[in-house]
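Read the single chain below, which is given as structure tokens and is the form predicted alone.
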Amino acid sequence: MDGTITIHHNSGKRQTELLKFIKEHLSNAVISMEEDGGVITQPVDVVSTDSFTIYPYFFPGGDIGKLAVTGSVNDVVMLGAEPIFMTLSIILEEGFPLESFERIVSSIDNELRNLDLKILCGDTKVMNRGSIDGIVLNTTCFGKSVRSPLSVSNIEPGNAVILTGPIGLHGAAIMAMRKGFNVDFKSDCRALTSLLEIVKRYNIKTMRDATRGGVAQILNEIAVSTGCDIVINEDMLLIQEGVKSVAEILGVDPLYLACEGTAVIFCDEHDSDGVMETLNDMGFYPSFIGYVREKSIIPRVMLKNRFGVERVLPMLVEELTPRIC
């Protein structure tokens, strides 16, 4: 195969060529490509699905292929489960460059190998030119809990809130590339499977990766779900200077910029020191940013500054940075 994807790759001999091309680039990661489905050979109790439509497809720190694998993997890990299988659906626009497609499929294969994860089954579709923008990927990840599945319903007043690293890197990197800014940082796009170690060792209530809407949106969603206020300390947030600069130029708050490799962890307060120490040992840059308050009639997220003054960190009204994941 060479050149570009055509509408004729939807069926017949051309489709067979496309499937063969994908299978060759996914090598031994593919369990079933010829059948209509795959057989799950291990027990699973957690499943998560997501679709990915980022632009540009290639960005500092990753690409849409890496993002599609790590994104679904992280959703399963956030529930306290070890990823076991994944499905992969690929929707292509007629005219999509085959060279770019090869880079994306190779990136998917690389991530699968790093995670020792296999594709259970897959699907491809080619849409008419102009129907979609290039390529859309859908991945569904199946996992097995390492203990009882984590849930927002486990959160109680007094629980500690810990961030695993700096915030806003992914959103700022994508926006900087779109605007043509020259920056010295890259997206934090990566799998967070190593966090399962703290799930095994400590009383973790729940975890959430701070993707669309960033840390502020995730905390607001959890405040609403639990009915509790959450207070975080501004001085404890790790924000790289480059991210601050991009956010300032664009007029956005870094707290609302997406992360693809940083998670928010809620744990028992008595376990917070152990969680912090373990995260440090694993190479993360954790920070104890706050705690869960008592139940509230109007649950809110409060941002406390160095003078002890608190202000409300509201929920997003609309997406600040569309098509970033």
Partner chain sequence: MCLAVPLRILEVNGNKALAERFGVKLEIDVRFIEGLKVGDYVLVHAGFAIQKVDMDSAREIEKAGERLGKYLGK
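Numbering follows the first chain given and starts at 1. Only a predicted model underlies this, so the values are computations on that prediction, with no experimental measurement involved.
One more form of this protein, predicted in complex with the partner chain, exists but is not displayed; see below.
Peer 1: If we take heavy atoms and a 4.5 Å cut-off, which stretch out of 189-197, 104-112, 175-183, 159-167 is in contact with the partner chain in the predicted bound form?
Peer 2: Among the candidates, contact is made by 175-183.
Peer 1: Tell me whether 68, 269 and 283, taken together, all sit within 4.5 Å of the partner chain in the predicted bound form, counting heavy atoms only.
Peer 2: So, no: the whole triplet misses the partner chain.
Peer 1: Spell out, yes or no, whether the shortest heavy atom distance between residue 245 and the partner chain in the predicted bound form is within 4.5 Å.
Peer 2: Result yes; residue 245 sits at the interface with the partner chain in the predicted bound form.
Peer 1: Just to confirm, residue 236 within 4.5 Å of the partner chain in the predicted bound form by heavy atoms?
Peer 2: Close contact is absent here: in the predicted bound form, residue 236 is far from the partner chain, nothing within 4.5 Å, heavy atoms only.
Peer 1: Mark residue 99 yes when one of its heavy atoms lies within 4.5 Å of a heavy atom of the partner chain in the predicted bound form, and no otherwise.
Peer 2: Looking in the predicted bound form, residue contacts with the partner chain do not include residue 99, since no heavy atom lies within 4.5 Å.
Peer 1: Indicate whether residue 241 is a 4.5 Å heavy atom neighbour of the partner chain in the predicted bound form.
Peer 2: Residue-level check for residue 241: yes, a contact with the partner chain.
Peer 1: Judged by heavy atom distances of 4.5 Å or less, which residues of 298-325 approach the partner chain in the predicted bound form?
Peer 2: Heavy-atom contacts within 4.5 Å come from 306, 307, 308, 323, 324, 325.
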